[in-house]
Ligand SMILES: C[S@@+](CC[C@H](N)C(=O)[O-])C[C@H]1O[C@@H](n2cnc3c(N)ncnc32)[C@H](O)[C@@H]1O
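Encoded as structure tokens, the following chain is the form predicted alone, with no partner shown.
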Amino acid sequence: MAKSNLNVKTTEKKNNLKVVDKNAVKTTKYSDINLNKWKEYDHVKTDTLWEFPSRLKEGGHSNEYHGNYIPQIAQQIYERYTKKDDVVLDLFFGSGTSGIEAINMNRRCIGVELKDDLAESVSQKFTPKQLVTDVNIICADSASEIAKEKVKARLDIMGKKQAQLLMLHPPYDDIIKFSDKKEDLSNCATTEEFYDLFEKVAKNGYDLLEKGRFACLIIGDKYANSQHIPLGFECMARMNKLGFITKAIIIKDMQGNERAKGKTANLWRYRALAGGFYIFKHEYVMIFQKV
């Protein structure tokens, strides 16, 4: 755990006890939350069950891209684990949720996206100035050395040696096909291959993340061949193998955040009753720290 960054004034010293000015600022090295006023942060979640009634659509966000994570996750993670002007690295940039919320919350972002057309369309969500100063979109394979070197070059331009937060929202194996590219994790021939490729991406993220800072993995499990496939826990194990320690496993309710499942709800209920399984209503938000 990082040591607290204290900016306090001692008003009295008695019996070897310090009396601290309650108006002083006390923060950690990785957050702007003033711990001396912790009761004022009711909107910041500290429990492991997250329920959001609907996907946030304000602040530049939209839901035209299937598979993007909801903005409320970025809001919670950024406030807990970053300071203003910190750089967020997203190695599965997709439709740009990480970058949009970085702008909204006075952070900066580097996003790596595999699909050329998606990288181009997402760039239209930002102004030319923002694309120079605050958000950089790199079109590359996140598991590659080329992507790693491009991120390093951009960090240097931003005045940082490493990123202050790592966001990872990979495909949930082959549940949704995002492209026809062989480097796409959703095109892996087997689940084991998916894990191996994810680990390569996570390794790049580990190397590019500042020591003591945090990583967020957003992922769900899948059901295949009449059995539950625990994608989340195996990806967690791969991140632990790289050197990350697990800080939290959050269960996020997906109801109200998914698309196109309302009409097939009864069909899935029938399949569940017939097949002896349960229907997924959650995904994981896993928090790690590089120590």
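Only a predicted model underlies this, so the values are computations on that prediction, with no experimental measurement involved. In case it trips you up, residue 1 is the first one in the sequence shown, and so on.
The form predicted in complex with this ligand is left out here; the points below concern that form.
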item	value
Triple contact flag I110, N136 and D207 to this ligand in the predicted bound form, non-hydrogen atom at 4.5 angstroms	no
F178, heavy atom within 4.5 angstroms of this ligand in the predicted bound form	yes
A140: touches this ligand in the predicted bound form, heavy atom cutoff 4.5 angstroms	yes
K115 within 4.5 Å of this ligand in the predicted bound form, heavy atoms	yes
This ligand contact at L91 in the predicted bound form, heavy atom, 4.5 Å	yes
Contact segment among 126 to 134, 93 to 101, 76 to 84, 156 to 164, judged by heavy atoms lying within 4.5 Å of this ligand in the predicted bound form	93 to 101
One residue of E193, E183, E120, E149 in contact with this ligand, assessed in the predicted bound form (non-hydrogen atom, 4.5 angstroms)	E183
Residues of stretch 142 to 179 in contact with this ligand in the predicted bound form (4.5 Å, non-hydrogen atom)	S142, H169, P170, P171, F178
